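The same protein chain appears twice below, in two forms, each given on its own as C-alpha cells and labelled structure 1 and structure 2.
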Structure 1
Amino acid sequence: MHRVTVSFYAAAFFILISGVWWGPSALSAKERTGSSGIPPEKAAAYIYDVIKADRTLYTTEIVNRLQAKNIISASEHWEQENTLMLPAQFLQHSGKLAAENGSEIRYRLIGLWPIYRRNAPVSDLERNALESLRKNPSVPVTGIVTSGRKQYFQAIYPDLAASQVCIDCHNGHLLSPKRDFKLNDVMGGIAITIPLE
C-alpha cells in the first residue's frame, strides 16, 4: 500500500511540475491571446495557399497546356473573343465571386505598375508592402486597416511572374507602365483582407 501511495504522489507531483513548466507553452494561440478562432495571420496564410494553388493549376494545366496544343488561347477580352481568361483575371474574378457570396474576406491583385488603375494600391500599407515585397518577396507584409467603424487584418503576399503568359501580357500591353518583367520577378501583390471581430 505504501508503494502505491508513493507512486501516486510522485505522479501527482510530476503532473503539477509539468503543468508549471510546460503548461503555458502548451496553450493554443487562442487560449494565450484570449481571442476566439484562428489567428488572422494563419487564416490569411491558409487563404493564400489555396489562391496560389488554384491559380498555379489554372495557369499550368489549363492555359499553358491548351495554348501549347493550339486548342485555345487566353486573352484579356476572353468573353468577347471566346478564349480563356488570363490567370490574373481568374484570380480577380474568383475574388469578386467570393465577395458576392457574402464572405467578408476579400482578395485582389495590386501592383505598383498596374495596367488598370483599379489594381493600384489604395493605402499606405499596400504601397509600402509592394515596395517591401520587391526587396524581400519571401516575407508577406501584414497590418490592420480601418474602413468605417470596422477593422480588418490585411496580408499582402508577392505576386510573381510565374509564367510566360503573365510576362507577355504585361510587357506587351499598351497601357502597361512597365514592360521589362522577367520570369520570377515580383509583379505586384495579392492583398487578402479579413474582418476582425
Structure 2
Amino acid sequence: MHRVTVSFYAAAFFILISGVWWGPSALSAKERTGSSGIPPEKAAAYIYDVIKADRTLYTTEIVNRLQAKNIISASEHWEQENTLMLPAQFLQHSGKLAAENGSEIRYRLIGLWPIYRRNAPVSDLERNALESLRKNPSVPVTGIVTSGRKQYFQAIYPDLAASQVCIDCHNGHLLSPKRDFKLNDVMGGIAITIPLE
C-alpha cells in the first residue's frame, strides 16, 4: 500500500515537472507558427522564386529546346493542336491547380493590356501596382486585401518583355489591345496572394 502511494507521488511529481518542462517549448512552437512566423513579404518572395524558377525551366528546357530541335512547338490552342502550352498558360493553369487544393494561395499573371479580360487587374491594389511597376519595376508592390472576413497579403511582381518572342506574340495577337510593346517593357505582373492567418 505504502509503495503504491510512493509511486503515485512519483508519477504526480513527474507529470508536474514534465508540465513545467514542456510548457515553454509548447509555447514557442505556437509562436513559431503564429503571426510572429515568416513575415508575409518573405513568404510571398519565396513563392515568387519557385514560380519564376518553374517558368524559366519550362520555357528554356521544354518549350525553347524542343522547338529548336523541331520536335514540338508551343501554341495557344495546344489542346486541339497537340502542341505544348505557352509559358503564360502554364503559369495560369498551375495557379488554378494550386487554388483548387484548398491552401488559399493564389497566383496569376495579370496585365494592363490583357489579351483576355480575365487577366485584367481586379482591384485598385492590382491596378495601381501595375501602374507603379511600369515606372519602377525594381520593387514589388504589396498590400493587404480583404475578402469576406478574411485578410490576405498580396505582392505583385513585374513581368518584363525579356525576349523578342514576348512582344512579337502580344503585339500581333488578334485580341491584344496593345500593339507597341518594346523589349524590356513591363508587360504585366505576377500577383501572389496568401492568407494572413
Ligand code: HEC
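Owing to the predicted nature of the structure, the values given are computational and were not obtained by experimental measurement. FYI, numbering is relative to structure 1, first residue = 1. Each form is matched to the other, and the largest set of C-alpha atoms that superpose within 1.5 Å is called the rigid core.
Visitor: Return 1 or 2 according to which structure is the form predicted together with this ligand.
Guide: It is the second structure that is the form predicted together with this ligand.
Visitor: For residue 175, is the CA shift between structure 1 and structure 2 at least 2 Å following rigid-core superposition?
Guide: No; that C-alpha moves by less than 2 Å between structure 1 and structure 2.
Visitor: Fitting the two forms on their rigid core, what distance in Å separates the Cα positions of residue 184 between structure 1 and structure 2?
Guide: In the core superposition between structure 1 and structure 2, the C-alpha of residue 184 moves 2.6 Å.
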